[in-house]
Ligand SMILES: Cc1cc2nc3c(=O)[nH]c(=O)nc-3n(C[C@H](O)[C@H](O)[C@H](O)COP(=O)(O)OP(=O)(O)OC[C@H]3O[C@@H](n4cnc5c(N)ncnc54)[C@H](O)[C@@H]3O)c2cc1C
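This document opens with one chain alone, in structure tokens, the form predicted alone.
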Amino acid sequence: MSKFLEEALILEQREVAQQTYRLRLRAGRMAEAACAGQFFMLQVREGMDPLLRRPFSFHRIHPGEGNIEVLYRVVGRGTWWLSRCAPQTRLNLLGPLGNGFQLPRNAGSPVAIVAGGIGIAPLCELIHRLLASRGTLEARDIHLFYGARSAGELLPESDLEDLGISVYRGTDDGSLGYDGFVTDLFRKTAEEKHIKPSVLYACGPLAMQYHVARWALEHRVPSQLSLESLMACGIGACLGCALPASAPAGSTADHYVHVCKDGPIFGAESIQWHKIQTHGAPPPIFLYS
């Protein structure tokens, strides 16, 4: 189904972690059409300030109820305005946009998921899709590695642990769980517990994704990384979300992909990570700003 505009109605807005809000919207067409990993552009308010729409992933999709959920962190003017919106406020959405996560071909094989900060947002819907279509895959074979800067930024334990999956938490400042980066937690745990996933999913800052991609390539594990970049239009017109990509076979010309139009889901081998590092990686900008 192609993208479309839809007027959505705020049903509920609740702060679930430090400066992090969960928004529940009535958006029947969007809920029917969207899949895990896709995103939409949201017009925060009418007028020139803020001028541009903001991209958000689908945190949860409830097609039977005609509702979607959005998880976002207040990091700028747009998200601050959004956090002030009360129930019954109407918002204009453009979507669904981008590709989505593909479920594993072998439903019985374990999967690993790495989430950095607000990067947990699209992965929650993915986890529910995995649980709903897992075949012989046991919930405990879904390994989620979830990190943030501090304990206050993590979602409540009940949001994830109640699903029955294996959850490993960590914080950069050591205030909860593993003391260090989530990528170190993932690498260390995978080695100690001999976790060899059939597919690796991840979402978070580019700096985190760089290390996840390296692990996937070194261990020859297929990966699906939801990448974040500056994004103004969401439909491939502004070219603001270009990343250096692997060139097609036989080509020596520079090649780029656009996170909005070609992604946001990419395999680790699709991106030339060394070029991002060499030429100054975009700072760990959150897509959901």
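Position 1 is the first residue in the sequence shown; the rest follow in order. Being a predicted model, the structure only gives us computed values, none of them experimental.
Although not depicted, the form predicted in complex with the ligand is the subject of the following passage.
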Where the ligand sits in the model of the complex, superposed onto the shown form by the site's C-alphas, are 3 or more of its atoms within 2.4 Å of backbone or C-beta (blocked), or none (open)? blocked
Proximity to the ligand in the model of the complex (heavy atom, within 4.5 Å), stretch among 74-82, 87-95, 156-164, 212-220: 74-82
The ligand isn't shown here, but in the model of the complex which of Ile118, Cys124, Val182, Ile113 has a heavy atom within 4.5 Å of it? Ile118
Taking heavy atoms only, is Met231 within 4.5 angstroms of the ligand in the model of the complex? yes
At 4.5 Å between heavy atoms, is Ser57 in contact with the ligand in the model of the complex? yes
